[in-house]
Structures are given as structure tokens and as C-alpha cells.
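One chain follows as C-alpha cells, the form predicted on its own.
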């Protein structure tokens, strides 16, 4: 496997728990009296109160993202007028409930209401709409075209089809996120075929399918290509089980394809001949991404495809495409908005470097640039003409040095998002702070995450430099080998609007390297200062004080990832009791035990999921949780035979309205 691809697979979307892997990765659905429950993205279905979900006699289950719905019944009725922001002509709606519990309000004709709701894109607004009355619930049901399911086991495809009869687009997630770090066995489940079988009957008009961490076979892809005749868009992210033969079926049978997006999948790459299977009549393609594939493709087939698809706006090729070939491709599609290049190192080229500069000069709509495999100082100036318009620059495959990055960023004054390797060093990050005042997202990945002896990389100094020059920074993922409490406190003061803060100190249990104190005050400063924080990943030497800070101050926190941290059960208890909006909690290699697990009995039904691995949890505690909260699925994964049967090494808890899953392999015990 290509080392770059392996590194990208390992470190992209990594948080504190992930850093450990690199080193050794709504509310409760209560019954709503005489009113339908809210729906907002089928995570809602993950709400565990399946037996309580009976707002109507026809028992149509509501399956759309409960985490966006207010946590109390009173908020569901009183806050609607302030939530429905998507209506042009409805200034206020007052729902009055009489003594019999029926809802009275001014009525719209069904046709008018459905047309209005079709204009509402916000999931929260649609959720609020469905709470008003049965008429509005039904109108929202019939007008919905897209559904998001954050856990494929939180709801069954039959429930989804019954709830939403006119869906055209589905986003479906499968395995827990720690599957990216080999903590979930490959044959754990999340097979897409049962969903496709139901959808082929319920949604023969399905146009878009976006899958993440799902098990996908070539047979499933062939089934998809043949059963949905109007199918247009397929996105596969971190999926496994299929090969390029499956892509061949999609290319052959999907006559109206507009999008084929293949990213970071465990794919069996049998060669690039699948690109030759697109029919000559296909001209509708708008998005084509095969950057993560390794084999050489038929360039003639690729060039013909690109030349006839005049609406192509996203093209991301793999590293086997040379500069000469890229120049030919860009001559056919100067309208591109996003480009992923192939290799940027070439010994022999057909013309002078100035000709390559011209090819980027003609790309006047380009705002996203990635790829740049093996970029060298000789060819980096080729992209300078396009840099002024770029808002996203992904250099996570380019091992640039500080001076090379500084020269490049001097041309990139409009960047909002920047991904880098730590080979740029602190000097390179100083250039980021100097040249990118509009930057909102920064991700710094380790070039060699498995080398513990490496002395290069970035430190707290570079992070502080970025925070000083980029006050609009909202999202950060930062891999480093040393950090201090004072530096993180300074960063928090410079960038108080963080919504995502993921600091990955790659050596587990690393203290403040100057004072040798725990890193408690660092994350305390983050949660105290950054009141908008929604996602937090913590690392380093941490005691229960860190978790006390989080529970006390992180009132908007939705996702927390923890590894090698904490002193006792109190740490986890602080978080579960204090973080009212918490939806996902991911924990590995921490001293939390049974008391910590059971302290969340009243919390888990309002969360999407809990993951605990290599903690001090026993099977008995898991059984107690399952007994006390029967609407949760409590799964225990066994790694190997002969282990301690009393210990629960990997525990996955999630809310569901579908009950225990029927396809669990032998090593998964559902309690």
C-alpha cells in the first residue's frame, strides 16, 4: 500500500483518542402528548424511545435526528415560532391546545403547505415544523427529499421508508469512528445491501447515496446500478469490501451519473479499466474523485470523459497522472472549481514550466486545490496564478519545507481552510499566521506518525503564531509532540470562537514539557474561553480536573474524544452530569469503570452513542445498563477467545428504535 495513503487513512479525521492510536483514535425522545415527535435527520431515529413513539394511531415512527430537537416538551411547543426561520410569509404561529389535547391553528391548503416546506432546507426548522400539528407533520413527511442516518443500526430501512415516502437522497453511516484505527473488526457489520433491498421497492426513484464506514460489496454496487434507473450520485467514504469491478458496474449502468466520489476506502484495486466503461453518451458528470486509488488508469478514456462532460466542476485524480497529462485535462475543463492533481514531480516534461503556469491561469473558477503529490520547489510556482482565488488548500500529501510553504502562501490571501504536514515546522506555521488572516480551519498532520524518535515537526510555538495571525480560526486539528499549558491558554485568548478543538499530543500521558505539570489548565482555558465549542479532543497527561472543567464550562459540547486520561470514575461522571448537549462520547485506555459507565443511565438515551475500549468495565455493569435502559443497544465486542469473560473490553452503546440488530457476528454480544 502506498505510504501516503496509509498515513492519510490513519490521521485524517483524528482526535485525541486518535493520537493514542497513532502512538501505540438531542435529546431523549420523550412522548409528546397528542403531538408528533420532531424529526430532523434520521439520527433521530436513533432515539431510544421506540416504545414511546406513538403520537398517531398509524404509528408512523419519526426518524430524523433527535439531537436537534429540544429536550423538553415545553420547549417543543413554546419555541416553535422562533425556530421556523425558513418561511417567508409566516411571521408567527401560535398553536393552542384545548382541554382535550387537540391542536387548533390556522390551516393552509395541503398543496400550499407542501410547497412552502419544500423551500425549507434547515434540519432544525423542519424538525420544528413537524411539531406543530398532525397536518404539518404529514406535510413535512411528504415534502422531505433527503434523509441523514448517523447510525445504520439506529433505525431499520423499513421504518425510514414508512416515515418518508418520497426520499431522493440518502446519507448513511455505519461502523463506529474508531474503525478507522483498527479498533473495530472488519466483519463487524454495517452491510449496505439490506438498505438497498428495501429502497429498491420503496424508493425506485432514488438519485443519491452517500455512504460512510459501510460494508459495500461489488454485488451491492451492481444491484444499485441496475435497480435505480435514475440514479445520479454515489459517494463512498471509508467503506470496504468492494473492488474496482463494482466501480465498473456503476460506470456501465448509471446512464445519468453526475457524481462518483471515492475517498479513503478499503478497496481492492484491480486496475484502472473501470474508467473505460463510461458510455460515450455520458455527458452529465459533475464530480469525479478517484484520488485514493493506486493503479494506473486509462488516460485516453479519462481524457475523453472529461472532454465531453462540460459541466464538470470537481476533478480529483490519483498520483499516477503526470503534469503533462494534467495539462491536457485542464485544457478541456477550465471551468473546474475543485482540482486534485496527480504527481507534481517530473523529470522530463514536454514544454517549459511557463506553459504549466498558463494552464492554471485559465482556471478562473478554481477555489479548492489538493493532491500536489511529491511537490518540489521547481514546480510549485506552476500553481501561483490560481492561488489568489483559493479558499481551501490541501497540502496533506505534499512534504513541503517552511520556505517552500512561505513562498506559496504569499500568493494565497483568501484561504479559509488549510491542511498541512508537520514537515513545514514552526517557521512554516509562522508564515500561515502572516499570510492567512481569513483562515478558519487548520489541520496539521504528522508526516510519519509511527516514528517515535523523530525530532522534526511542529510545537506549541507554531500553534501560537497561527493563533496570533488568524483570529477567525474556528476549527483546528493539531498533531505535535510537545505542548504547554501557557501556550494553549494564549491560543484560547487569541481565538475565542473555536467550535472544534482537537489537540493530539502524540506521546500518551505527555505533561507540560516545561513545568512537568498535567495539561489540565490548558483544556480548562479552552472550555472557559471558547463558549461555542462543539467538538473537543484532549490528550496529554490529564487528571480528573480536566473533566471537571469540561463538565462545568463546556455547555455547548456535542462530541468529546478521550484517550489515556483521567484519574478515577469521577472524570467521566463530571462530563456526563455537566455537558447537557453531549451527543457522542469516545473513550479509550482510561481508568473509568463500572461506576463511571452507570453514572450515565439517565443520559445515554439523549445521546447518539458511547464508545469505551480498554477501560475497567465489566460485563455485569453492561448487563445492568441494558436492563435499566432496554431501548438502548448495548454491544460488547470480544477480541479473541480465551480472554477474561467477565471484562467488557470494547463497549458500544447507542440509541435505536429498531431493537437489537439481527446480523451481529459471534464476537459481538448484544445485551
Partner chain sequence: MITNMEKQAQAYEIMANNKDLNLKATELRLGLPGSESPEREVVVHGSAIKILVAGAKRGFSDAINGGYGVGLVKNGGQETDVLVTPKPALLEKKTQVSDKLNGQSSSPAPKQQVVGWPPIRSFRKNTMAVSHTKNEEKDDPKIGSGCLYVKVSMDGAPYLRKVDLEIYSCYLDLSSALEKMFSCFTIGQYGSHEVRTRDGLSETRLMDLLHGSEYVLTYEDKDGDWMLVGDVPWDMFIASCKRLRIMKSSDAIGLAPRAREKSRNCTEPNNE
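Just so it is clear, the structure is predicted and the values come from calculations on it, not from any experiment. Positions refer to the first chain, counted from 1.
Separately, the form predicted in complex with the partner chain exists; it is not shown, and the next lines address it.
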{"property": "Contact flag, residue 112 vs the partner chain in the predicted complex, heavy atom cut 4.5 Å", "result": "no"}
{"property": "Residue 399: touches the partner chain in the predicted complex, heavy atom cutoff 4.5 angstroms", "result": "yes"}
{"property": "In the predicted complex, residue 467 touching the partner chain (heavy atom, 4.5 Å)", "result": "no"}
{"property": "Touches the partner chain in the predicted complex: residue 588 (any heavy atom, 4.5 Å)", "result": "yes"}
{"property": "Heavy atom within 4.5 Å of the partner chain in the predicted complex - residue from 598, 198, 486, 270", "result": "598"}
{"property": "Partner-contacting position among 259, 441, 180, 548 - heavy atom within 4.5 Å of the partner chain in the predicted complex", "result": "180"}
{"property": "Location of the partner chain contact in the predicted complex, chosen stretch of 181-189, 308-316, 116-124, 274-282 [non-hydrogen atom, 4.5 Å]", "result": "181-189"}
{"property": "Heavy atom within 4.5 Å of the partner chain in the predicted complex - qualifying residues of 142-175", "result": "none"}
